[in-house]
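A single chain comes next, written as structure tokens; it is the form predicted on its own.
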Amino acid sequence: MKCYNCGAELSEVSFCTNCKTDVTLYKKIIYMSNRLYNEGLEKARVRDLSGAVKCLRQSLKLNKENIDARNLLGLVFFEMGETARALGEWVISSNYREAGNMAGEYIGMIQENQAEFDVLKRTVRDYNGALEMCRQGNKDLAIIRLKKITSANSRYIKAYQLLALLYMDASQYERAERVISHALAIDKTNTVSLRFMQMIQEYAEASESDRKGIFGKDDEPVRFVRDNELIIQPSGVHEPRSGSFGTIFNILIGLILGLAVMYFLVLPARINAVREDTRTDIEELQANLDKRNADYDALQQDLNEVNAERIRLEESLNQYIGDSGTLADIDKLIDAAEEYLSGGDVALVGEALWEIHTSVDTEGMSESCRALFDSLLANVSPYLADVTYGYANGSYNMGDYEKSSLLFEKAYFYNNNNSDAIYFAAVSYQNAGDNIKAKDLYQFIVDTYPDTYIGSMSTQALNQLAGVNG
């Protein structure tokens, strides 16, 4: 561990032996960062990728130069199918330390396997296309597209989640469960995947109906042997027997007595029993009906919640899809990084960064994307700042104020220490007749560079424009 003040190696004491700086808190921060890295490593080993990402991000917040934590975070993103975010972490890591850094090897492996990298990039574009299909209602085509994506990139968790969501929407819960199981096999604690699995199980259980069959059993026929022959007699059919009149009379008297006993004794009890059974059946039916009504109300409430969740997810999808969505901007940033890493035209890289700057709130980017953006801008700005400023002066001197205003703004974007660039951009907009843009830039100069020559000139210009508008 090195001293943050002088760079000397630290000993076990609580101060630097070289510059005498107190490093007690600094050591605690570094130790905590390393501890979070170890926790992230343990979680990654058991495929708790979401937990690993959380630990590693906390580790990097404490020590952004923790190379091992940043490289591991890139590997976790790569395992989750997030190639762009992985590349961003490795590029940042290489900028912090180039010699003896595994990040350079990871980037080299991606460059060597250009075909595979193109496939991974294409899956991101195809995923954006699937999102657009969902927004347009082409869910069947989206399912086909997502199947191809998961076949090409078997670690792309977001594709599995969207495919499972489409299966849930189509009430194909078994397929949804299989798909989300793949996502959980990659990341066991992913919150979205776990919530989808819970929803799938709940709706699958609610959609099952109990089916009970009642099968009657016919009475068995009567079998007996007579004269060495097997006689099969249907049930209820009895062989007539011969007898005397007295026997018949006794039988009749027995039948009458039996009927009388049944009518006066057995029948009332039987009627009461039937009534009691009927009342019990009615009560059970009423209880079942009440339960079914309660279940129906619960299912209706769940359905309303699912519809609300679906609307929320569609709104979330709209923020990521389209030419101006977050994923499209990430594609532009990846293309710019690839152009720079492959030794391409620096001007093209700068133009791509300018487009992202004018279309996206770069302050709202994720930490890795923002770091990649700043790193690329820092590498191309030294060349582009002076060249662009020279082109802007040429256009300004020729009276092409529309062109010079944009070029001066770009020159200031590449080098925000060049206050003349932003001032002449405002003057060019004013000369071109765009007073609204000119007023915005003049006000920016007054706020950013007070008590300076260009600040006072901008104040005079604002007063002049206010008088014209008045």
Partner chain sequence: MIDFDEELKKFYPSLEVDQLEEAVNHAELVDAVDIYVRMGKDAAAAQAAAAQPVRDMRPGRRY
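Treat the numbers as computed from the prediction; the structure is a model and nothing was measured. Residue numbers count along the first chain shown, from 1.
Unshown form predicted in complex with its partner chain; subsequent notes refer to it.
Segments offered: 168 to 176, 71 to 79, 369 to 377, 384 to 392. Contacting its partner chain in the predicted bound form at heavy atom distances within 4.5 Å is 168 to 176. Remark: Leu25 counts among the residues lining its partner chain in the predicted bound form, judged by a heavy atom distance of 4.5 Å or less. Residue contact with its partner chain in the predicted bound form: Lys61 places a heavy atom within 4.5 Å of it. The closest heavy atom approach of Phe117 to its partner chain in the predicted bound form falls within 4.5 Å. By the criterion of a heavy atom within 4.5 Å, Leu41 is excluded from the residues contacting its partner chain in the predicted bound form.
Of the candidates Arg310, Arg125, Arg279, Arg97, Arg125 is the one whose heavy atoms come within 4.5 Å of its partner chain in the predicted bound form; the others do not. Proximity to its partner chain in the predicted bound form, taken as a non-hydrogen atom within 4.5 angstroms, holds for one residue of Ala432, Ile67, Ile29, Leu406, which is Ile29.
Contact annotation for 136 to 171: residues with any non-hydrogen atom within 4.5 angstroms of its partner chain in the predicted bound form are Lys139, Tyr156, Lys158, Gln161, Leu162, Leu165, Leu166, Met168, Asp169, listed in sequence order.
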